[in-house]
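Encoded as structure tokens, the following chain is the form predicted on its own, with no partner shown.
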Amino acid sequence: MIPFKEDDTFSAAFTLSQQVYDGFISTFGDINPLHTDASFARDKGFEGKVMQGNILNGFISYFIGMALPIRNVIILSQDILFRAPVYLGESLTLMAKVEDIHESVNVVTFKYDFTNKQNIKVAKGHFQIGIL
């Protein structure tokens, strides 16, 4: 049985902390100057170092595995569209809404967005989970 219904919404808050930033660089080695050199990033028109977009994918993984009211799930697919840069120390809210349910194969599709404190949508997309 699928414990969701269409239009159910779920949310969680995340912070792009120094620990998250350092952990991403330590794990994946992405030291592109846009992400590590504030003056380089400012020269390109940004406020400062732009956080790696795939940090948000990590937040999605946590959200699916830990913030939804069910643990026996697996990610089947996800996509993300980056709409605005995010910076070290920013807080984001991830809001996800059930978009489609396929009970015959135990699959649920969500649409989601990340917004910052200024209510700017910085990323959006979809993820699909299987209920195990």
Partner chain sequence: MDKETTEILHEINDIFIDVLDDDSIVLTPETTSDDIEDWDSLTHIQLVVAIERHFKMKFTAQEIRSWSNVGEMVEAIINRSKLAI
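What you are looking at is a predicted structure, and each value in this text was computed from that prediction instead of being measured. Numbering follows the first chain given and starts at 1.
In what follows, reference is made to the form predicted together with the partner chain, a form of this protein that is not presented.
The candidate site formed by S104, T109 and Q128 is fully in contact with the partner chain in the predicted bound form, as each residue has a non-hydrogen atom within 4.5 angstroms of it. Contact check for I70: every heavy atom lies farther than 4.5 Å from the partner chain in the predicted bound form. Taking the partner from elsewhere, D100 is found to have a heavy atom lying within 4.5 Å of the partner chain in the predicted bound form. Interface membership of A84, defined by any non-hydrogen atom within 4.5 Å of the partner chain in the predicted bound form, is ruled out.
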